[in-house]
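Just one chain is shown here, as structure tokens, and it is the form predicted alone.
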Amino acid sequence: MPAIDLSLTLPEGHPRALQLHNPVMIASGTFGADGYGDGLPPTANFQGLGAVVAKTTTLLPRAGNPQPRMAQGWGWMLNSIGLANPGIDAVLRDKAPQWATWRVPVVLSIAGERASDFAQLASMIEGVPGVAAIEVNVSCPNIEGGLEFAQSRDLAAEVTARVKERTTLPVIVKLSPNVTDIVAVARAVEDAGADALTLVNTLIGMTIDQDTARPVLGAKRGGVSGPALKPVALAAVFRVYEAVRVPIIGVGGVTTGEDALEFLMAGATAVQVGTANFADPQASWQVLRDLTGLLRRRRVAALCECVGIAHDSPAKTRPAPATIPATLR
């Protein structure tokens, strides 16, 4: 059987669109020991992935939340890192030059306390070699006010528009599941100019130490990720796919090729692997290998044949798939 065409352009028609060799990406905050690619073992084949998303970066350095910052249980992980990062100046000075030498495109995640912060970050990134796109994190549940933008259509749209004004790079907006209507927020940021959406960030959660009768995390609560998040993320992708035209990147509990295929069927154009990378730096590569094997066994010729086929009929706002192989129905 001929090789499967896993390549994609994100988004189609953008003058500086991301050219991905395949749809598997590393999620923000899970790329190496520092979130920016350092400390990966020599065997980690991240260069063969579609893209990597570097850790969320802010204007000024952030120390992050008090320890402990992570906890885990059966099928879930809690993190309360609090956007600890060295600040945008240090990232662009120390990290971006290395990224510019890589084959894999690097997407830089950004966050701010006000809309003007996001705009300033976008301005500083513009023209810097090594950054191929911006992921706008309006949905971090681990800092005070971190969800304020994602929970308001108007604020999310304002941030998106301000970033779009300051950059020629593709702008990907990462949304939160901690909202009443994620579809309404997705439509608002699309109308404001978002080139793609990442669905979803973590859920708010906590765990308690029964011996001390106190929350385990230093910040008391954190973001739930891992397999427990997958059904929530999958439902968000499914709903939003029918409401918007921009591409969707699915994230939340992707640990296998089967998980990735479900997200594609729900309407995602690409997927991000997050929590699984903490247990195995090769996790994203293994997801890609598994997904490729699944598609080959199902005799899929191109990635686009899978996207959105779980829907009863193609979304009104989207073009219908060219064909839906019977083996995928």
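Just count from 1 along the sequence shown to find any residue number. Just so it is clear, the model here is predicted, and its values are computed rather than measured.
FYI, the form predicted together with a small molecule isn't displayed, but the following is about it.
At a distance of at most 4.5 angstroms from the small molecule in the model of the complex, none of the three residues 108, 164 and 192 contributes a non-hydrogen atom.
In plain terms, the part of the chain that comes close to the small molecule in the model of the complex, with a heavy atom within 4.5 Å, is 51-59 out of 51-59, 299-307, 279-287, 37-45. In the model of the complex, at least one heavy atom of residue 30 sits within 4.5 Å of a heavy atom of the small molecule.
Proximity of residue 254 to the small molecule in the model of the complex falls within the 4.5 Å heavy atom cutoff. In the model of the complex, no heavy atom of residue 95 sits within 4.5 Å of the small molecule. Using a 4.5 angstroms limit between non-hydrogen atoms, residue 260 is distant from the small molecule in the model of the complex.
Taking a 4.5 Å heavy atom cutoff to the small molecule in the model of the complex, the contact residue among 140, 229, 240, 172 is 229. Though the small molecule is absent from this view, in the model of the complex it lies within 4.5 Å of a heavy atom of just one residue from 185, 77, 132, 236, which is 77.
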